[in-house]
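For this one, two forms of the same chain are given in structure tokens, first as structure 1 and then as structure 2.
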Structure 1
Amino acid sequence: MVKSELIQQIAEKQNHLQSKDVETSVNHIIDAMSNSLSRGQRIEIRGFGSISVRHRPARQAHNPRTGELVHTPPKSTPHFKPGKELRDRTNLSRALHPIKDTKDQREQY
């Protein structure tokens, strides 16, 4: 599911709202989450999960193949921890629904 499909799904169930308002709202929800993480503020949605910023300090590492010393810069990345309801629901439907979109996922990594 991509953003446009998500907007469409919500709009279908919200018949008293214009789909343009739904689209604007979804964009604002995503922006609010991005802005929050950019400020270092974590997001906590009960039943969905939390997203926080994780920091990794700079360190000296070795290239495992050549043994050469490489300097890795400090890093900060968003980290998602699924909430209980999301964890349980996805896990319970495991037998019913195979994972779709696998090819696409693999290309992401």
Structure 2
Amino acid sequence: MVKSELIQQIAEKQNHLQSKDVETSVNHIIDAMSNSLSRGQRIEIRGFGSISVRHRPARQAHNPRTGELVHTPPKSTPHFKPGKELRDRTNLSRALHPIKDTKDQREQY
């Protein structure tokens, strides 16, 4: 799902809201979440999950093509941890729609 599909689904369920108002609301929510993460704050949405910032220290890496050592700077990345309700719904979905065996798919070609 992309943002425009999310906006469309919300607008369809909330007939009293215009699509433009839903789009503005979604953009404000995303901006607020981004601003919180950039300040190092944690976001928790009960039943959905939490997003926090993980800090990765600087390290020595290597270029796999040349083998040359490369210094990578420290960086921060967002980390999502799903909530229990989301995990349960995802697992239920998998039970209803199992993943096909890749061996069967390979034999088709």
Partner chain sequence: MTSLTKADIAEHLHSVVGINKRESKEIVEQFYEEIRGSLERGESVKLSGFGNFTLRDKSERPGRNPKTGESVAISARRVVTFKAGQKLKARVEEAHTAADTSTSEDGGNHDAGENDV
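In this text, the rigid core denotes the largest set of C-alpha atoms whose superposition between the two forms falls within 1.5 Å. Each residue is numbered by where it sits in the sequence of structure 1, with counting from 1. All figures in this text were calculated on a predicted structure; none of them were measured in a lab.
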Form predicted alone - structure 1 or 2 | 2
For R59, is the C-alpha shift between structure 1 and structure 2 2 Å or more after core superposition?
-> yes
